[in-house]
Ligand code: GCU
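Taking the form predicted on its own, here's one chain by itself in C-alpha cells.
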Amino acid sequence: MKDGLISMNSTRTPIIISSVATVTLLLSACGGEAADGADAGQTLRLALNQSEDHPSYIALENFNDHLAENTEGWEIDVYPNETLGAQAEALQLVSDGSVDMAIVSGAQLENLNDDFMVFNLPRVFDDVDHQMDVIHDPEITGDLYASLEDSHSFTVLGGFTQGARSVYTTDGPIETPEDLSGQNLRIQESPINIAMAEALGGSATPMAYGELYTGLQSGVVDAAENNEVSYYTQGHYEVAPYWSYTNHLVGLDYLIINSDVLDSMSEEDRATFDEGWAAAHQEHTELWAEATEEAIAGAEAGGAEFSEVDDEAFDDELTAMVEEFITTDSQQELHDAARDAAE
C-alpha cells in the first residue's frame, strides 16, 4: 500500500493550487450530473489513490452498484490511481466541491483537526475488528466526524482499515525493543512516527517509500514497518525476510464527502446510501483479511519468517509515547472511549 503522504504545508501550496485548478477544469469538461433537487440524484465523483485490484476499489465499486440499483439517479464514479491527484489535493477538491468524495489517510485529517491524531497512535486499536467497531460507532466519533463541516465543508463517514503494522528486518527477528537498538528503522517523516520508531527501539530513518526496497537491500536501513500486504506486494520480504509481530499500529483511511452533497439527499436516499456504505466497509474488511492471508502465504513461500514478540516489553514504551502526544481533554476522551470498546 502506498504510504507516502503529501502534507498540506505552505511550501506545497502553489503546486496544490495548480493541481486543483487542472483537475477542476478536467471535471468541468467531463460534466457532472448535478442534482436539481433533493430527489434528482447525481453521479458522485470519488478520488482514490489505489489501483483497480485493491480491496478499496472493489468495495467502492460495489457501493456504487448498491446505489444505482436502489435509488433514482445516485451513483459513484470511482477515479483510482490518483487520477484526481494525491490525497492532499483530493481533500481540497472535496472541500471546494469540485470532487464529491475521497479516501484520505488519517494523517491528512490530523493536519486539519489534531483530535484525529488519537486514532493514528500506537496500540489504540487491538486489531482490525476493534478498529472498525470504534470508527463506525457514532457515540464515539459523531462530533469528530462533523468537526470539519463548517471550516472545510466535508463530512467524515467512516473508514477502511490499512491493517496492523509490524516490524520487518534484514538480519534476524526481534523480540524486544533492545533487539532493534542501533538499527535504522525506516519511517514516514512525522513527529509521531519518529517517536514510534524510538519506542520500538530503533533509530528513526525517514525515507521515501519507493526507495525502501533498495534501502533495505543496500543496508542504508536495517528495518521497516508496514502491513503484510505491502510487505509482500512490494517484494520487501526478499531483502528483509524477518517479520516480527509488534502489531504496534492499525492504520486507517477515511471516506469523506462534501457536506452540501450529503445534505442534498432525500431521507430515503440517505438511508440507502448509509446501508451501502456499511456494506462497503464490511466487505473491505473481509477482502483485507483475505489479502493479508494471501500475502503471508506468498511471503513465506518466498523465504520470509514470521515470529511473535514480547508484547509486554513493547507496551511500556508505546504507552509512554501515547501519554506524550495526548494533550487535550477531547483527545483523552477519544482515546479512553476507543480503549473501553476493546474491553
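By rigid core we mean the largest C-alpha set that fits within 1.5 Å across both forms. The first residue of the sequence shown is number 1, and the count goes up from there. Everything quoted here is computed from the prediction, not taken from an experiment.
Same protein, other form: the form predicted together with the named molecule, not shown, and the subject of what follows.
Here is the short version: of 245, 209, 242, 79, the single residue with a heavy atom within 4.5 Å of the named molecule in the predicted bound form is 209. 226 is the sole member of 131, 141, 226, 92 with a non-hydrogen atom lying within 4.5 angstroms of the named molecule in the predicted bound form. Residue 253 belongs to the set of residues with a heavy atom inside 4.5 Å of the named molecule in the predicted bound form.
Using a 4.5 Å cutoff between non-hydrogen atoms, residue 230 counts as a contact of the named molecule in the predicted bound form. In the predicted bound form, residue 188 approaches the named molecule with a heavy atom inside 4.5 Å.
Using a 4.5 Å cutoff between non-hydrogen atoms, residue 50 counts as a contact of the named molecule in the predicted bound form. The candidate site formed by 87, 105 and 162 is fully in contact with the named molecule in the predicted bound form, as each residue has a non-hydrogen atom within 4.5 angstroms of it. Note that among 114 to 122, 198 to 206, 69 to 77, 162 to 170, the stretch whose heavy atoms approach the named molecule to within 4.5 Å in the predicted bound form is 162 to 170. Once the cores line up, the CA of residue 207 ends up 2 angstroms or more apart between this form and the one not shown. When two forms of a protein are overlaid on their rigid core, residues whose CA moves 2 Å or more are considered shifted, and residue 224 is one of them between this form and the one not shown. Once the rigid core is overlaid between this form and the one not shown, residue 168 counts among the residues whose Cα shifts by 2 Å or more.
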